[in-house]
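As a starting point, one isolated chain is supplied in structure tokens, in the form predicted alone.
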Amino acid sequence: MQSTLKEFMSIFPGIESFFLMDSGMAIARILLILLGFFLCYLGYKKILDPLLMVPMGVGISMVNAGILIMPNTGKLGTMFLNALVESPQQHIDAFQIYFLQPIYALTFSNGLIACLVFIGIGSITELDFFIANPRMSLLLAIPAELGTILTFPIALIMGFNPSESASIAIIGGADGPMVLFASLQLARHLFVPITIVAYIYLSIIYAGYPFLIKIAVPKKLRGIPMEEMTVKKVSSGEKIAFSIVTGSVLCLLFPVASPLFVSFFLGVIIKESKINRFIDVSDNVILSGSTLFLGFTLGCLLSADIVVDPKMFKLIILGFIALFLSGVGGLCGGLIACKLSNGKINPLLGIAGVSCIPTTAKVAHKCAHEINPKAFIMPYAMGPSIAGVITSAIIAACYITMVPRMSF
């Protein structure tokens, strides 16, 4: 009877693999399959970002369902990808077995996927308010980096080493590609859980930050329309010149982050050059395609062995702390700006400095518009949001350059 059952189970290797792993791993695997279903549902209902959550949910569910005994090694694995290969020969062998291996090896392990996303983001970004008011935009963005700064020592206290702590702290910048790029540079062994936590939390921002705004900012201040401040029209030539000069200066000062700077400003220049064929490719193909494969590949990397790691629970806590502190810092900066301007600046611009572009700018606009239909602050919010991308990249570059040299 037992041998018959064993033969029957061998027909379905995915089910058989459940009985070959310990109970904790099997439970985590079932929970991850259900989590994938839930993320797909939230994306389908547009409660979370569908462009990211649907492919990520599909990847999480199916990679954990598709675990089997690998024919060559006899160990449990999947046919999706192997993130542990190192030597050139191992890469060549992996390319012939795992269908996602080329995408992972050629776009993830070197940070290219983050750069592709940045090109797409640049191609949909409006620079008018930032160029017209760079000082105000930067002053609003700097306090919104509170989580990026304070999470670093908190992570050290919780037992992470300096490089891991810096990678986790970048979550506070609310910039997914930045988190991926920095974690690959500083803590490659943790880049999957750090990036997964970051992207899930970034999708929750749209639902969570409005509650923080309602708690921290009085209703009458949320509805400031900013009618007295005009958004100066900036020509395409000025935007292109600004992008080339600013990008070159930032690459000169922070060469470690130069791939991100050049990608973002290249996207802006493509947009402002008004070359329609390039614009269609950068927006509809590069941004959409890279987001699809980013979400799907990250989902396929989230297997049960990562979730049962004790560090995962700490990462979930620290990710929340980082984004919460950045939101608080941004709103404090916005309230100070409102006070100094005698009530002319809507304090919600501060939350836009948390650089999840353009999500946080949309959050600021939506919360203001709910209180006052005349408060159309989206153009103003894009300034701090763009400044937040720059300040986050600068902090990431400082972490990548300085942390490995420090002794703690």
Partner chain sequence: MEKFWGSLKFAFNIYIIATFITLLVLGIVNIIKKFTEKDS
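It should be emphasised that the depicted structure is a prediction, and the values quoted were computed from it without experimental measurement. Numbering follows the first chain given and starts at 1.
In what follows, reference is made to the form predicted in complex with the partner chain, a form of this protein that is not presented.
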*Just give me the single entry in Tyr206, Phe293, Phe242, Phe278 that has a non-hydrogen atom within 4.5 angstroms of the partner chain in the predicted bound form.*
Phe242
*The single option of Ile317, Leu253, Ile92, Met79 touching the partner chain in the predicted bound form, heavy atom within 4.5 Å*: Leu253
_Leu150, Pro153 and Thr246 - do all three of these have some heavy atom no more than 4.5 Å from the partner chain in the predicted bound form?_
yes
*asked:* Does any part of Pro143 reach within 4.5 Å of the partner chain in the predicted bound form? Heavy atoms only, please.
replied: yes
*Any non-hydrogen atom of Pro134 within 4.5 angstroms of the partner chain in the predicted bound form*: yes
*Non-hydrogen atom contact Ile394 with the partner chain in the predicted bound form at 4.5 angstroms*: yes
*Determine whether any heavy atom of Ile15 comes within 4.5 Å of a heavy atom of the partner chain in the predicted bound form, and answer yes or no.*
no
*Segment that reaches the partner chain in the predicted bound form - one of 216-224, 234-242, 102-110, 192-200, heavy atoms within 4.5 Å*: 234-242
